[in-house]
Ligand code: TRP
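Presented as structure tokens, the chain that follows is alone, the form predicted alone.
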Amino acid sequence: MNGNNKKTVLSGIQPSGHLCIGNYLGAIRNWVALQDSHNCIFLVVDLHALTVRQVPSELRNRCLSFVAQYMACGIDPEKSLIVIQSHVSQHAELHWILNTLTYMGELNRMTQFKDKAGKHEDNINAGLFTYPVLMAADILIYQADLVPVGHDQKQHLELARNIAQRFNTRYSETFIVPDGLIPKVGARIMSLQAPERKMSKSDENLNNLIALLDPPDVIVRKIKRAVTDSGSEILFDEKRPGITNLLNIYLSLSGQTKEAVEEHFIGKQYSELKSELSERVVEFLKPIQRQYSELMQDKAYLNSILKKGADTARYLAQKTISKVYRKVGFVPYKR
């Protein structure tokens, strides 16, 4: 995979909740577009998921489900590596080394730790605290050049950069210092019921999100109940986040310009926007859901894709971890 001149892109999603249209429009759609121009590695980060209490059987099923959803959305295993994080033990090995180079003060400043600790006050574990270091290991183990980042991940990427530079300074050049990749086209889709915050696949209130696997009647009901704003004109307006969010979803799926979308809805009511948006979302998700269903009926094929991904990923990761172990002074293991 590293035998060409393409840059390596690394990204992943934690297998929690329900992959939603926000994940697709904000991330996965851009992943699909990168596959021909970059070496792409897409992870299902199940080690990260353990920072929150999990039901083991449900976690296993969600991991396979996420892999199938990646592929149904257009991630091609012939072009990209699809990898379950726990299948590559070098993630955890590098995590420990990087922990010894990360300062408590740096982790104390992580805003996501504060947010997650507030949501899980009965389970503020050490893994939740060192989560960003494992994220750094995920990136650095593959010598990734680029990491697609949204606003909420910029702080974690900066930590990964700092750790890489710190290791390189202390032990000599070892890691590529990754850059953030800001997508040219990326929609920030907001919650249907609380449009002042981002749509989250892990939201406990399922009415806040449109899951990629939601059946048509559920999609129609959720959009019908979506929060709008006072006023009657259907326009993009930051002061009216509810209607703007619905328009952004419509815009992202239609491929039209903002001006064309606004012109289309001149003189129409909110109910007409919701009806048209529901129809557009349902039609858009149909082929994804059909492909997902076919993939989930062929677990042997899914597992073969994961084996292929893990085998290649382990090869790449072992090259890095061997170099790291030598530089920090470990005695080499003679096979």
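Start at 1 and count along the sequence shown; that's the residue number. On a predicted model such as this, the values are computed, not experimentally measured, just so you know.
One more form of this protein should be noted, the form predicted together with the named molecule, which is absent from this view; the next part is about it.
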Would you check whether the named molecule, in the predicted complex, lies within 4.5 angstroms of a non-hydrogen atom from each of L10, V45 and V149? yes
Can you tell me which of 129-137, 243-251, 93-101, 256-264 lies within 4.5 Å of the named molecule in the predicted complex, counting heavy atoms only? 129-137
Answer for Q153 alone: is it within 4.5 Å of the named molecule in the predicted complex, judged on heavy atom distances? yes
